[in-house]
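In structure tokens, the next block holds one chain alone, the form predicted on its own.
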């Protein structure tokens, strides 16, 4: 047998056990935009997992990237989309001081297109996983849509609008944004939103769309969720206090607090995060 033939036979024997690399998917989105995602087809008897990034980030954000790799290694089908945020085929994080024309409602519409696309790729149950503001957006999607193949939502560092900043600031800005819209003014203003401190540049209607999910609405959505919701929080996440953890626990959602972990589950705590999510996936019917 020639060397080339031997190599061909060896490749044929090993190929089924070799992990497939992720492929880039392009999908038409509202507004004549194209969304991109990384997709890895896993084993047919394991769930498909859609992982959504946080505020203004992409699917290449470390928390998302590391989790996607861990799930792929375990044989799960993984889809990691990047929301366009009004940018065609967006691949980079947006700075706070860019002029933001995207809305939460447009984000939800894009999420739904990715969920529908994934249902066409697999017959397996789908699990949604979000990090930070991505968790909030997936919860907002769940409040509007019902896709029978979606069986579970796992939220990581679940946020609400606007937990990062003083309530008085949010209250004043909401009032000013509404007043501007009542006057027919919708030109870009500077707002404080998430980690953007007085430099989130957007028309008032854009800002108000993201501020439409304050704490009480997140809590209500968790209580009304049509599928099981798991909430994973970092015990050392300084963006939240004990009040938020107590409110989450009271919703009936399964709450897991990982001691010492930050908002991003870095410095070794990513392994605790991955183990927790893998355990949840293994329990999925």
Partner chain sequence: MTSRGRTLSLRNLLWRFFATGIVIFVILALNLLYQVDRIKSAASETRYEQARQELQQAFDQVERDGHHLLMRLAAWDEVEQQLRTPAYYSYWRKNRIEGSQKLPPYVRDLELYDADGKPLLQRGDRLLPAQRPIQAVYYRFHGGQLIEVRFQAVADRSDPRLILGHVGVAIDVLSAMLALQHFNHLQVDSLAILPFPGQLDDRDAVLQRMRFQPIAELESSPLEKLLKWNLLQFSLLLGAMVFLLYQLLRHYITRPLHELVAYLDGLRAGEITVNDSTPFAPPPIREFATLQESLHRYQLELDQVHMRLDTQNNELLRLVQHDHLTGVWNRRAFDDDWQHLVSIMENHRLSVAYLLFDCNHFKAINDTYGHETGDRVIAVIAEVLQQTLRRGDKLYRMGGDEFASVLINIDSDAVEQVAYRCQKAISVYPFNDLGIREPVSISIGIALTEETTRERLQSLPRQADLAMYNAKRQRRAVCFYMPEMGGDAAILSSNKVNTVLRAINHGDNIETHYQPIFRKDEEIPAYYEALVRLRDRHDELMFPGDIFPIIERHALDADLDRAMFRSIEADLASGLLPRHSGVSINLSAASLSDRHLERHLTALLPHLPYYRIVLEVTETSLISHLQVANANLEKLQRLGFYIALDDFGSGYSSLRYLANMPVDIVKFDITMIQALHESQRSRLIIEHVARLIREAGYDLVAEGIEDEATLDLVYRMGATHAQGYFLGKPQRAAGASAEGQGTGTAGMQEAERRRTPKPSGEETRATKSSFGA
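Residue numbers count along the first chain shown, from 1. Because the structure is predicted, anything quoted here is derived from the model rather than measured.
One more form of this protein should be noted, the form predicted together with the partner chain, which is absent from this view; the next part is about it.
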query	finding
Contact of residue 226 with the partner chain in the predicted complex (heavy atom, 4.5 Å)	no
Contact of residue 190 with the partner chain in the predicted complex (heavy atom, 4.5 Å)	yes
4.5 Å heavy atom contact, residue 90 to the partner chain in the predicted complex	yes
4.5 Å heavy atom contact, residue 251 to the partner chain in the predicted complex	no
Candidate from 186, 112, 74, 176 lying within 4.5 Å of the partner chain in the predicted complex - any heavy atom	186
Option touching the partner chain, based on a heavy atom within 4.5 Å in the predicted complex, out of 33, 70, 236, 219	33
Stretch from 158-166, 99-107, 113-121, 211-219 whose residues place a heavy atom within 4.5 Å of the partner chain in the predicted complex	99-107
Contact set, 192-216 vs the partner chain in the predicted complex - heavy atom within 4.5 angstroms	201, 203
